[in-house]
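In structure tokens, the next block holds one chain alone, the form predicted on its own.
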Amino acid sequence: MSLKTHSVVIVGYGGMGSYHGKLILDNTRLKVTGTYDVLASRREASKEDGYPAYESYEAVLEDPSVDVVLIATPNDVHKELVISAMQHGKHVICEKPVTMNVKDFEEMMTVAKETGRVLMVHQNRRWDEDFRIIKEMYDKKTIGDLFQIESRVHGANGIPGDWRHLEAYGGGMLLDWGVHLLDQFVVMIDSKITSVTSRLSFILGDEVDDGFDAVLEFENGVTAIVEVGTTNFITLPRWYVKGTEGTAVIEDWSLTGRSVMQNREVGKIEPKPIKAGVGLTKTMAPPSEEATVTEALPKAFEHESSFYDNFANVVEGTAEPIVKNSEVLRVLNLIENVFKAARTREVVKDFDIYEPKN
């Protein structure tokens, strides 16, 4: 039996819009049938890539052959475009962050329910292999119970592009990269967030943050440290995790990494003192070679389908969304409180809209 193909129009044909176009070329369930962008230059680029370009958003909405609208515009206009599309009978894929606040997304969710249209947010980094490895370690306890998980993305190129430098358009790194890293923690750790502290960086002089760090405390005892930087000429590991039986690291997206665990086959071996600066220490001496075991990282868990296939299945009523709107709402609420913690320089508590998965 042949599977149904859904026609997609990409709205906003910049970096992410054209990237979606290339990805969907490899997907038989979704087919790009056109694009729309307010800039004439991008409409021309769309035509050069082989996609017809609509002259107005109204023309997209009035075209009965369009099943899906994919929104890849700056963040500040997502709400208006998404709601209009659903009210015209279109299903919607929206880039992240879907909105800049909880209230706007709640309105979008209400319209989705009223119209019966599917709205899914492109939280694509749930499919990153580095994240899937760490989630596998968390779920399977490969180095014991993980109690501290550090997630970092570092670069030295400043804030990218143009509109990401401006608050009115939803710029800044917390909304750009933080929305991904915080989403990964919300998916991985099935526990309420009890507190958050944070700092924003404005080193480059922009009106929006060029980086941030945050510490999340979970009710189950896990501490998550999240950091995004755009002024880091020497980068720290992408992931550094501590478990009750070992430690693991993933250096970068090439998945260079390892885990080091206690050797259960030998008893406790006292470390030998080492010279440290002008003193001696046993506390910080490395464990002896026979006291530990170094292993390769485990294989990543696999999602049951790609984002696009899952979206098509949800539209057809044969699957649940991998990216649930309740999770997206929780992340937006978390982001609002990361901003609040940075602004007030206080520990923020009692804010999480956590719903147990089981």
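Remember, it's a predicted structure, so these values are computed and weren't measured experimentally. Numbering starts at 1 and follows the sequence shown.
Separately, the form predicted in complex with ligand NAD exists; it is not shown, and the next lines address it.
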Answer for R238 alone: is it within 4.5 Å of ligand NAD in the predicted bound form, judged on heavy atom distances?
-> no
Partner contact for P74 in the predicted bound form: ligand NAD, 4.5 angstroms, heavy atom | yes
Does N232 reach ligand NAD in the predicted bound form if we count a contact as any heavy atom within 4.5 Å?
-> no
How about R117: is it within 4.5 Å of ligand NAD in the predicted bound form, going by heavy atoms?
-> no
Check each of D210, E227, D176, D130 and return the one that places a heavy atom within 4.5 angstroms of ligand NAD in the predicted bound form.
-> D176
Here the chain is shown alone; which of Q262, N124, T194, T197 has a heavy atom within 4.5 Å of ligand NAD in the predicted bound form?
-> N124
Honest question, do K135, R152 and E336 all end up within 4.5 Å of ligand NAD in the predicted bound form by heavy atom distance?
-> no
Among 47-55, 295-303, 308-316, 33-41, the region lying within 4.5 Å of ligand NAD in the predicted bound form by heavy atom distance | 33-41
Using a 4.5 Å cut-off on heavy atoms, which residues of 180-205 contact ligand NAD in the predicted bound form?
-> H180
